[in-house]
Ligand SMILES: Nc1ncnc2c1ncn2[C@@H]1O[C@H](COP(=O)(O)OP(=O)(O)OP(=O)(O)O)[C@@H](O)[C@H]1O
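One chain follows as structure tokens, the form predicted alone.
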Amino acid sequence: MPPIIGIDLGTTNSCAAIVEGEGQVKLIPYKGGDFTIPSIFAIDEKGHELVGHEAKRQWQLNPKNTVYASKRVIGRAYSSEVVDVMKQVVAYAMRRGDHDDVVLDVAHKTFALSEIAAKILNKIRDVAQDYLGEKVERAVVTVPAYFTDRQRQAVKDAGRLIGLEVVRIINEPTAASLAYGIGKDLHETVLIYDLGGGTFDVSIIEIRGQIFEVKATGGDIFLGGIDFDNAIIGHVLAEFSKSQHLDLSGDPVAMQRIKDLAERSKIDLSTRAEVPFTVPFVTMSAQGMPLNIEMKLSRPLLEELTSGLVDRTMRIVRSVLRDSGLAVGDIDEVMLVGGQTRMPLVQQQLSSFFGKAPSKGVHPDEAVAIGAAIYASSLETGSATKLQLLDVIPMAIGIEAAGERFHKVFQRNAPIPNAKAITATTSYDDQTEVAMRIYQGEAELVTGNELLGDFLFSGLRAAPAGAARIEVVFDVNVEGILTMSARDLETGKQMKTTVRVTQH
């Protein structure tokens, strides 16, 4: 039986890992020795589809047909605020699909976001197959803990599109805790601070030997390294506009050059106090003279530009700590995951809040893929490793009640797997079907939450209003994915359920 691999499907980079022979976990290398593959898809001027390093290499020259950071909007409604913000910062075209989902137009072709994710997954699978010398048909794929049901479904769909069975979806911080704790017989409570390219998660996990129990989780699906880059880009554009009275934001090639240098400068400022920021011949003056960007960036300036972002992460840390019912002193270790955690300001804030430096117990870029591979290995038939993951749902799931109020069926941080039954009744005579709208989020009114779908239960026997009673069972599985069923309490008959999920 071909092995199950672990895949970290990241916003900016992805990688895969496998457990070999005697339980050795290995990151799967790409040619040239890289372990990560940029999560970028492009179509070049000849119509060739490119994924990963090849797509990244031509990004500066072809920004409009190069898709990056698409994980930020996968499974999102086009009408959501997140999509509005994203449209302002990317060069590629996004528009509304048939189900209020996001579709992308790339070089006169149209793609759903799950198709873009499928192309990145396929590239990772190809690299793994080359390395292993055998077919890869199954994988454990990680997602941010703060992903909604719809976003998790979209990742499953991406696997289905390429015939890759996503045997399990697990949360990125939980995967990182496996990389840290497996085989050490630990009895510790760890806080995972996961600040990656596009998303931020915090999870508090109690490790007891082979049992990994998530106490509370929280996050921000729209907070990551890209936002730190954008803070630099905003500053550079403002300075250039002040000195040259020119706005570069409408020039996609200039913007791409600035974006690339902003990311490199940010990384350099983790180890240096100051870096030059120079983009030669970025545009032409009205008189046709070439203009350059020439300035310096310092670490204090970067910290000033991004302190609000770091403060946002710390607010979430405090809120997750509150939800867990634990005090600062109950946290044995703070683990850093994601490339953006290399920033000195992030480490200083965490050290000052917890009264101790974060642990260096895992590699920030590799821990998630390694944890996914460890979990994948434990699912193999005949595996001696019996892992128990006890996770939670990141935000409440419920239904629309009278007056657009949100009635919570599962509270945030409810343990999963989990099932709850509610009883509904008819509101008019001879009613034969009952419709429900399911949402996920924390707002009091459903308008502030994410619509998961419309559920229609039909086949109800005709009776006076209020006489028929239906039991609706909400079932959230170990992956945080919801299914529903309903039965007529009087007859015991299972009713037919139609699910019109808002994205397919």
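Everything numeric here is computed off the predicted structure, so don't read it as measured data. Residues carry their position along the shown sequence, with the first being 1.
As for the form predicted together with the ligand, it is not shown, yet the points below apply to it.
Considering non-hydrogen atoms and a 4.5 Å limit, does the ligand approach G339 in the model of the complex? G339: yes, in contact with the ligand in the model of the complex.
Does the ligand come within 4.5 Å of any heavy atom of T199 in the model of the complex? T199: contacts the ligand in the model of the complex.
Does the ligand get within 4.5 angstroms of any non-hydrogen atom of I267 in the model of the complex? Contact with the ligand, yes.
Counting only non-hydrogen atoms and a 4.5 angstroms cut-off, does G75 reach the ligand in the model of the complex? Outside the cut-off, so no.
Which listed residue (V127, I207, L297, I226) meets the criterion of a heavy atom within 4.5 Å of the ligand in the model of the complex? In short, I226.
Report the residue, out of D332, E303, D323, E263, that has at least one non-hydrogen atom within 4.5 angstroms of the ligand in the model of the complex. Only one option qualifies, and that one is E263.
Thinking of the ligand in the model of the complex, which stretch from 424-432, 86-94, 339-347, 112-120 has heavy atoms inside 4.5 Å of it? Of the stretches listed, the one contacting the partner is 339-347.
Given a 4.5 Å distance limit between heavy atoms, list every residue of 11-29 close to the ligand in the model of the complex, or none if there are none. T11, T12, N13, in sequence order.
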